[in-house]
Structure formats: structure tokens, C-alpha cells
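Only one chain comes next, encoded as C-alpha cells, the form predicted on its own.
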Amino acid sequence: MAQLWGGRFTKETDKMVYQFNASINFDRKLFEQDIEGSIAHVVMLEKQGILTCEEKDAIVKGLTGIRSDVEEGKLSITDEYEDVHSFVEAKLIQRIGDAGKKMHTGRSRNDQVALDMKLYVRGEILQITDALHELLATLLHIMEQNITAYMPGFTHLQKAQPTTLAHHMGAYFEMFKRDVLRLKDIYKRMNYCPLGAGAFAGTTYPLDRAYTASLMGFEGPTLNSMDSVADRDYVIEFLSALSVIMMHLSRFSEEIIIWNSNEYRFVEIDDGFSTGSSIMPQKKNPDIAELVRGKTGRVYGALMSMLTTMKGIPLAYNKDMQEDKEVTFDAIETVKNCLILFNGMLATMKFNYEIMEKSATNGFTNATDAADYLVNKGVPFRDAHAIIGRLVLYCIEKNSSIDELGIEELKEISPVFEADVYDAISLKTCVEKRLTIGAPGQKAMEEVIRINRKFLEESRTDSSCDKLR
């Protein structure tokens, strides 16, 4: 059992206790971050005169060699070590001798693991932001191609008013755009370096924490050493943002599942993103959408786990906080996979335009516009509302749409109707006259698409700059 402590103990830890306490099986994910943080730490120690230049060079060479050997499969991270930190330090000492024992000067595992986790989360924020950018690009493309593709809009899952596919997709663009902005906000707030906080009270060594922070692209050092090792707010915020992303994906998946049903037939999911039934040969199931919807609860569970873990922990570090890793790692992988697969499904999905337009026509989605037509002819709105209500009831009894009624039938309901009503309540008119920003009219949609295209271009540039820091 390789561990970084033991001088105070007179007997070995019980094997089961050791295994229960160990984190190597999951914190090995932090290997790259542990190497990066250790290199920055020893570079700072040499700058401050705490290590000699020779010692620093030996340690850096040893660390980069360990990293290369692990990446090339020449060296394995095994569970004989308590955690990734003890693995790296033990291997370093084996390779370079006593100089390796000086690497941990002025550092505790508490601020070390806090740094590793921050570096890991920071990197994953950028990767998930990239995946969101890809999804936004797909949505923007669909919007650009479908400004005049008419379909029913819904409230209470009932047809309400006509809209366009571009407008409907635009609603999801706004959701995922907010997700990008949330992640950017979390990145900015968490981007302060805890290294140098020690166990919780700093250190007597003359560390240059601002220099260490700058080496790793942080805005600066954290300002309270106790909070530095006790803080997992950024993990909770990140899991909260991931939960919102999954909620958006789940809502979208629910609609695709409905649209893919035989009753709707608005969309056809590509064979590459569907599966069949083991007994029913006619089935083509929307499994990706269903799995995304199902995995949402998994990510919610990670958030609730972290909130519950942290709610009763006194300052400063406590071993409970080791529980931050497994749930966060799992949530990250879940969200990344869901974003990639969902985007692939959406990008290859076919829309049945004729069925969507016919559904809008047959669903009385132009009833509000018919009422507005009467109002414009001088009928009080409340009376117009009642007239159109009777008209809809008449159409239901005749199994007809408003558009299919003859002018004489319309006049029987209200003599105010004239031949111009057909143009006034056509899907095109119903949509095109809605021109306020955010509405589905063509000019409004073209402006929104321009704004969204600019957002996506600027957001991608910002993310690229962050990666280069």
C-alpha cells in the first residue's frame, strides 16, 4: 500500500479501510491535471529560491517522463497506490531520487486535489461548450433553411397558432445559448487558483501564489486559504448547469419522440440513430431521444448528491469531499455523449413539411387570426371570440377546417365575413404579419438568425481564446 503518510502510525491500515479510503480507481482521471499542477508548483519553488535550478529541472523532467510513459502505455496507474497524487510522487522519487521528495514542499494534498479538480472542471467546461456550439450550429442551419416551413405551434400539447419550423427551432437555440453563457459565467467565477493554500492555513514558505496561478491560466490566487480547500461551489454550479442542459435536451427529445410517432409523422429519424424491435418487425424506435430523456435523471442525481454531501460539512477539508469526483465524472461523460449523439440525430433527421403544414391547417391554428379579422371589421373582440368559437364548433361537426368552408357558410355564422377572409387566415398571412422581434414572421426571423449567427461566431472565438490562455 503506497501512501504519502504513515510516520505517526505504528501499524498498517486495515486492508478494507484502505480500500474504502482510496480514490485511485476514479481520481486517476486527474493524472494530467496533477502533472500540470506539480510542474507549475516546482517552477514557482525554483523562482522563489526554495528549490535549486537543478532540482527543478530534474523534477520537471521526471514528471514529463512519467506523463509520456502513461500516455504511451509504458506505465500503468495501478491500485497499489492510494490516489493519483501518491502514484505520481512515488514514481518520481523512484526515477530521480531525493530531489523528488522536495516536490511537495509548501503543498498539501488538500490544495493539490482542489487544484486538480478545478483544472479538470475548467477543461470540461470548454469541451462541453464546444459540443453546445456544434448543436447551436445545427439548429441555426435548420432555422436558415425553414423560415417559411409552416407547422402548428402548441400550448398544453394542443394546436394553438401557426408558426414555422425555424421559429420552433429558434426556441431551442435560445435555451442552448443560455447554457453556453452559464458555462462561461461559471468558468469566469471559478478561475482562481487554490494552490498554496496548504492544508487550510497557507504555509511558512515564501510562495508566489500569483505566479503559480498565472502559469496555469488562472485570473489569480484564491483569497482565503480555508475556503480554497473547502470550496466545491464550482462543482455544484457546474452540475447545476449540466442539469439544465439535460433538461433542455430532454424537452427537445420529448418533442422528437412525439413528432416521430405514427399519429404525428412530423419527422423521420435516420436509421443510424434508430433501433428496431426484437418481435415487432414494423417498429423504428427513437432510442437516442428516449435515452437522452432517461439519462437526465442521472445528471440530476449527481447534483443532488453533491448538494447533500456538502450541506453539513464544517470548515475546512473533510474526507466527504472525495465524493465530488465520481458523480461529476459520470455527469460530464453523460452530458458530452448526449450532446454529441443528439446533435447527430438532429442533423440527419428529415422533416415532413407537407404533414406539418396540413396539421397546422386542420388544427384551427388560424382561429385567433379569424377573430382578429372580425375585430378589424369593427366587431368587438369579445363578440368576435364567441363568433369564432361557434365557427370552430360548426367545423368540428362538419369535419372541416375554417379555410374549407364556403363564403356563404361563413356568412351564416357572421355576415361580416367577406371573400378577403381566406387570405387573412391563410397560414402564410397568419405567420408573416407577426413581425415583432422574436415572432415567426420572415423579416423578424431573418433578423434573429443574423443575431444568432453573430453570437455563435463570437462565442466560438471567445472559447478559442480561453483555450490558448
Ligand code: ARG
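All residue numbers refer to positions in the sequence shown, first residue = 1. Predicted, not measured: the structure shown is a model, and the values here were computed from it.
Missing here is the form predicted in complex with the ligand; even so, the following discussion is about that form.
*Asks:* Of the options H133, R109, K336, R293, which one has a non-hydrogen atom that comes within 4.5 Å of the ligand in the model of the complex?
*Replies:* Among H133, R109, K336, R293, a heavy atom within 4.5 Å of the ligand in the model of the complex occurs only for R109.
*Asks:* Identify which of H85, K118, R209, H167 has a heavy atom within 4.5 Å of the ligand in the model of the complex; exactly one of them does.
*Replies:* Result of the distance check: H85.
*Asks:* May I ask you to state whether Y317 is within 4.5 Å of the ligand in the model of the complex, using heavy atom distances?
*Replies:* So Y317 counts as contacting the ligand.
*Asks:* Can you check whether D34 is within 4.5 Å of the ligand in the model of the complex, heavy atom basis?
*Replies:* No - in the model of the complex, heavy atoms of D34 and the ligand never come within 4.5 Å of each other.
*Asks:* Does the 4.5 Å heavy atom contact test between N146 and the ligand in the model of the complex come out positive?
*Replies:* Contact with the ligand, no.
*Asks:* So in the model of the complex, does any heavy atom of S240 sit within 4.5 Å of the ligand?
*Replies:* No, S240 stays farther than 4.5 Å from the ligand in the model of the complex.
*Asks:* With the partner removed from view, which of 307 to 315, 122 to 130, 346 to 354, 77 to 85 is the stretch that lies within 4.5 Å of the ligand in the model of the complex, judged by heavy atom distances?
*Replies:* Heavy atoms within 4.5 Å of the ligand in the model of the complex occur in 77 to 85.
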